[in-house]
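Just one chain is shown here, as structure tokens, and it is the form predicted alone.
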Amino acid sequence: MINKKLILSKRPIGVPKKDTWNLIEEELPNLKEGEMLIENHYVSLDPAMRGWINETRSYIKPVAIGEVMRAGTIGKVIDVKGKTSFKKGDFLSGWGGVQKYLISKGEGHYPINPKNDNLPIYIGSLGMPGMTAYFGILEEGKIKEGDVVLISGAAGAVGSLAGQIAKIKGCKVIGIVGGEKKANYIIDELGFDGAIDYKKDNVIKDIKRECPKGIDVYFDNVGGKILDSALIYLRMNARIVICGAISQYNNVKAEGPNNYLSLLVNRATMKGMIVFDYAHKYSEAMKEISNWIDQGKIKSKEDIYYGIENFYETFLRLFNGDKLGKLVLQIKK
């Protein structure tokens, strides 16, 4: 059998170019005792991938030159040898990387329910984005009924779910998005109370319009000027959750906030969150999010594109805004 896999070929500066990766083909070796062959069906594309290919280490070891590009995956066990962690036919979620096949002993994988026809949901609302939204808004944001919650990147995988959870908990939720289509989506389909289109609106003025009494919680996926704008309108004891900074990932030098003294004046907090810190509680979050989906309280949207050969063009959608919901690359039809 021939495997296709995407190899990191060099460290990018700024926006990655296509030659940052190299798609290669190689023959799969025979399975050894205790190993299984997993066929990847879906690959998760996430903004964090940009940070994983930098040379400097952050919260996770960078992908090494010559290694398969790290990514969350949904796959199926198609062959086993001897006693293995999972059996042939099992569907698994894990860190399979951007490749068609993976030989593994099961490390970093867990079984998912194949009765659910929507397998990509396990790398979306029931995967890392869902866990990030759940613990970010509840544990780090410490939302309570009546809070005014502002979310940037609100039409994305994490932001859209964080906003819906905040609505379930009785908050007023405003989303910052790029484009009229996304603004309509978060209001009409997800139930947000308001939207700010940063592409055409004056963000500072529109935060004041949508949040006239200020912000209790700002859930940030963007960073940069939008974070700086939100800082102006903090209420007393406000909480800012730094989940991501997609506007800064391709910058050689990150743009920091100028209005940070608002934290002092309002006795507010600004804290970064990494979803892996909550790994011991994932099952709790998955159960509750799954129940909300079954009850119709949460809508999950996956934006799916096909073909490992189209990784680069699909990856760029993370940064040009040409996506809605969770971005997924389908490997197998």
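Quick note: we count residues from 1 along the sequence shown, nothing fancier. These figures come from a predicted structure and were not determined experimentally.
This protein has a second form, the form predicted in complex with another copy of the chain, left out of what is shown; the following refers to that one.
Highlighted residues S58, Y260 and K271: every one comes within 4.5 Å of another copy of the chain in the predicted complex, counting any heavy atom. Contact with another copy of the chain, judged by heavy atoms within 4.5 Å in the predicted complex, is confined among 104 to 112, 152 to 160, 187 to 195, 216 to 224 to 216 to 224. K287 falls outside the set of residues with a heavy atom inside 4.5 Å of another copy of the chain in the predicted complex. Taking the partner from the other structure, another copy of the chain in the predicted complex has a heavy atom within 4.5 Å of a heavy atom of E255. Another copy of the chain in the predicted complex is not approached by I65, whose heavy atoms all lie more than 4.5 angstroms from it. Another copy of the chain is not shown here, and in the predicted complex it never comes within 4.5 Å of any heavy atom of V80.
Of the candidates A230, C243, I123, I143, C243 is the one whose heavy atoms come within 4.5 Å of another copy of the chain in the predicted complex; the others do not. Of the residues D294, D277, E33, E26, just one reaches another copy of the chain in the predicted complex with a heavy atom at 4.5 Å or closer; this is D277.
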